[in-house]
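This document opens with one chain alone, in structure tokens, the form predicted on its own.
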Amino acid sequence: MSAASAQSRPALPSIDFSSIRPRPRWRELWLLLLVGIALSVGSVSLGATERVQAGKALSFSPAQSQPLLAYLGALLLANLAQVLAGRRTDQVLLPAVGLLGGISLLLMERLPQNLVSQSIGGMTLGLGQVQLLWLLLAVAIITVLAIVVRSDAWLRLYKYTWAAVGIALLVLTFVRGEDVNGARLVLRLGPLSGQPTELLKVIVVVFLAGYLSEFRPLLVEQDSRIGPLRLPPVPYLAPMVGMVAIALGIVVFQRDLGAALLFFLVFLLLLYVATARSAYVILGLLLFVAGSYLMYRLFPVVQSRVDVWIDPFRDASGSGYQIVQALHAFARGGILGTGLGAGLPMVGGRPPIPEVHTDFPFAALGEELGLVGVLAILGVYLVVIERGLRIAAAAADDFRALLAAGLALVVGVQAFIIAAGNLKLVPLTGITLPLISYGGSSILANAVVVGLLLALSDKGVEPPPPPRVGGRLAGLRSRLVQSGR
């Protein structure tokens, strides 16, 4: 390696623990207290509904106080840890994410607990208990990343290594993955299992941020014309074509339409953020539409998803059953909702939507919180996107800006894809509602996203305050002026 190339690479800074000074985070603390009040009101409402349904006297006490207290305690500990670390990071992200996680906890406690059963240490845990464990671990990951990550060099310098890891995950999932609802999504290694595409979305953002920041001048300044379109030189079109191929390859081999749509939309958005050239986006959309039509004609699983989306009532008791039930749930919810615990009438001892805890939590919340509730939830996701883009706008260089923008967009795009799927605006996909759906791999991957965003938002060491002119200093200054005269 040459000396010049070695000097151009950012060094890994060491942490000087002697310079760490606690720094209050009052805005974050007050927002967390508001989150705690909102979740407590929801828990009281859920508890009152459950007691009335069980034929007991109405009383206003939380449904299950211990899980909610444990979760809120973890959020307060995360705030305290960041106070002691003294970093000047964003103070809105943690409360916003904490509210989404709390809504998830209330929903999973409200649903039948036998939807999930996990044995840990001789104990059998139900849906709500398992979700609480994942949420506590997610808060811990967010806190550790926000405090410990002080350099992006380990992401910036090894973008191609991360890309290789992502490809290896895809190949391993294709070879050893398990099918879920016709899509090869789950990879099981010993006692551990999860969806590698959740981690892959973070890897894709890291790679794209590194590539686009490195070649941004060439993508912006050099071009060639094909009709009315201005395109970069052919060698620099390769990554875009490669991303289209990867996205469609996921559809073909893993039959995971959701991941393909997520990756490709994030890629197009990041490409536009990096270059501000709409021609790239138009070309990418044309390629994706053409490829998707080809996949529709060639592969029955894609054709089935699209046909169910176009007319789910044609087979309302079969392939279109869940979408039809989701639409009925939104209709029953109306504007204000039925109330937590008062929706989702049981069918044969089970919820009307079989995959309500993974693929359709938005429909469940739409029924019980109504239009007002789902708009509020979408508003929280918009807050996460806004904070991420704000972090990107304040970034010191292109890589950090694109990385922050990509991390924020990957959460937002995923949320709106699954919300639109529940509302039958787009074909239903296999992705989850970030930080709300049940699932360890989804929650932990999104925790990594939020933790990295917090780390990227650090404003550095706060400058010392200017000396106050008053008291003894003012008197001394006055005497010096008078003696000079």
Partner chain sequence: MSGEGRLAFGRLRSAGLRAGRGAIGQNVGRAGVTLALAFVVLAAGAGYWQVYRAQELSTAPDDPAVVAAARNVVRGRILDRTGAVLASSKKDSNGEPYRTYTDPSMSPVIGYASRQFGTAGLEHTYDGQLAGVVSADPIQQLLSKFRADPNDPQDLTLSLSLKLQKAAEKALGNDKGAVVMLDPRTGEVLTLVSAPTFDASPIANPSTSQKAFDTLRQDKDKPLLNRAIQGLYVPGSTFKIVTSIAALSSGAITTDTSYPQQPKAEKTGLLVSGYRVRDGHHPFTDDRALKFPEAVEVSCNIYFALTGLRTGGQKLADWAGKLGFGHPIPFDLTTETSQVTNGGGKFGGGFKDDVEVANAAYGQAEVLATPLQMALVASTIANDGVLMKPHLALSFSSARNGTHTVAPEQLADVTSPDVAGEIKSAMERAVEGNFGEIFTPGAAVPGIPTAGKTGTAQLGSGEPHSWFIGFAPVDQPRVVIAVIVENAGHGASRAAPMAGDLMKLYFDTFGR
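Residue numbers count along the first chain shown, from 1. Fair warning: this is a prediction, and the values are worked out from it, not measured in the lab.
Below, we turn to the form predicted together with the partner chain, even though it does not appear here.
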> For the chain seen here without its partner, which of 384-392, 282-290, 117-125, 202-210 has a heavy atom within 4.5 Å of the partner chain in the model of the complex?
Replying inline: 384-392
> Judged by heavy atoms and a 4.5 Å cut-off, are R156, G366 and L456 together in contact with the partner chain in the model of the complex?
Replying inline: yes
> Tell me, which of Q129, T338, T358, T173 has a heavy atom within 4.5 angstroms of the partner chain in the model of the complex?
Replying inline: T338
> What is the one choice in A138, L105, L402, L262 with a heavy atom within 4.5 Å of the partner chain in the model of the complex?
Replying inline: L402
> So, in the model of the complex, is V144 in contact with the partner chain at a 4.5 angstroms heavy atom limit?
Replying inline: no
>> My question is simply whether L29 lines the interface with the partner chain in the model of the complex - judged by any non-hydrogen atom within 4.5 Å.
In response: no
> Contact between D397 and the partner chain in the model of the complex at 4.5 Å, heavy atoms?
Replying inline: yes
> Is T49 close to the partner chain in the model of the complex, meaning a heavy atom pair under 4.5 Å apart or at it?
Replying inline: yes
> Considering only 323-337, what residues come within 4.5 Å of the partner chain in the model of the complex, judged by heavy atoms?
Replying inline: Q325, L327, H328, F330, A331, R332, G333, G334, I335
